[in-house]
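Consider the single chain below, provided in structure tokens and representing the form predicted on its own.
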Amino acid sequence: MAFDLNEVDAGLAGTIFAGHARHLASVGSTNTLALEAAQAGERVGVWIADEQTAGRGRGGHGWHSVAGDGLYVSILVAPALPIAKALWLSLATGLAAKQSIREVAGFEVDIRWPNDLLANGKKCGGILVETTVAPDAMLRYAVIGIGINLNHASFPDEIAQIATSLRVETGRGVERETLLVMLLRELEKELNLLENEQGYTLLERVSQASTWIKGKRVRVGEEGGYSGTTAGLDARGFLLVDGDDGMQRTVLSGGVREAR
């Protein structure tokens, strides 16, 4: 179905994103467009695409994009945060996505640290945050890329065992415009909390919202690969894992999967 930008504009009235949403039928990567705008001096913006031909995820992984079936969006923001706590943006975005999906689709997704949205153990969404630092070690700007599988009926064989959509899980379609408006409104709330409370409640709320933060048996790809049990988040938002060898490690680059 055609994307209704007017509906989105109306829904964003009164937010920092009002009047800043742009829609494209097809684009290589919305994150690339947002980064180019940021480099040109913009500090707030929303880019929505029906499809991305060169969408990317964390670690350079590709993203399966079907025209009109998913929500593919990049959001440019410039919150007053130290760059050392940039990971908080990914965690806060995960909470905003989880809440918006609950409100719009009536479905509870899980958050796999640091940036994946899971539905019944399969990936239905991902978050990619790209940041730039200012000379004072504060965040200059951040581009938050979000992809959520909404109305996909099926997936290619190579990812069918690990990917799903909200339609597959609920049996109902989800309107992109409605979810986007809710997502941006929830994200604005999270950004305000980060700036005003400096993340005081964020780590606790992420721990409560995700089954992956404490007591989860996982396999971690970095440091040559190891297994263990998740043991919470450190003050920066990085995941702690009690390794099977008795050593506690801090996961720095993702790649956390359930141990089989």
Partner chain sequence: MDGTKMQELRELVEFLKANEIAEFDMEQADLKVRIKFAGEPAPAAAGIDLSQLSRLMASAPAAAAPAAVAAAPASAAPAAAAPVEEKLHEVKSPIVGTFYESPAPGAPPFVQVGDQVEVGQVLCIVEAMKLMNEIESDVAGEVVRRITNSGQPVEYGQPLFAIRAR
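None of these values were measured; they are calculated from a predicted model. Positions refer to the first chain, counted from 1.
One more form of this protein exists, namely the form predicted in complex with the partner chain; it is left out here, but the text below deals with it.
Peer 1: So which stretch, 98 to 106, 157 to 165, 111 to 119, 179 to 187, is the one near the partner chain in the predicted complex (non-hydrogen atoms, 4.5 Å)?
Peer 2: Residues of 111 to 119 come within 4.5 Å of the partner.
Peer 1: Within 4.5 Å of the partner chain in the predicted complex: all of 128, 132 and 224, by heavy atom?
Peer 2: Yes, the whole trio is in contact, each within 4.5 Å by some heavy atom.
Peer 1: Work out which of 252, 10, 16, 25 lies within 4.5 Å of the partner chain in the predicted complex, going by heavy atoms.
Peer 2: Residue within 4.5 Å of the partner: 252.
Peer 1: Is residue 151 one of the residues lying within 4.5 Å of the partner chain in the predicted complex, judged by heavy atom distances?
Peer 2: Outside the cut-off, so no.
Peer 1: Is residue 124 close to the partner chain in the predicted complex, meaning a heavy atom pair under 4.5 Å apart or at it?
Peer 2: No, residue 124 stays farther than 4.5 Å from the partner chain in the predicted complex.
Peer 1: With the partner left out here, check for me: in the predicted complex, does some heavy atom of residue 140 sit within 4.5 Å of the partner chain?
Peer 2: Flag for residue 140 set to yes.
Peer 1: Taking heavy atoms and a 4.5 Å cut-off, does residue 174 contact the partner chain in the predicted complex?
Peer 2: The answer is no: residue 174 has no heavy atom within 4.5 Å of the partner chain.
Peer 1: Within 4.5 Å of the partner chain in the predicted complex, which residues of 225 to 260 have a heavy atom? Give them in sequence order, or say none.
Peer 2: Contacting residues: 236, 237, 238, 252, 253.
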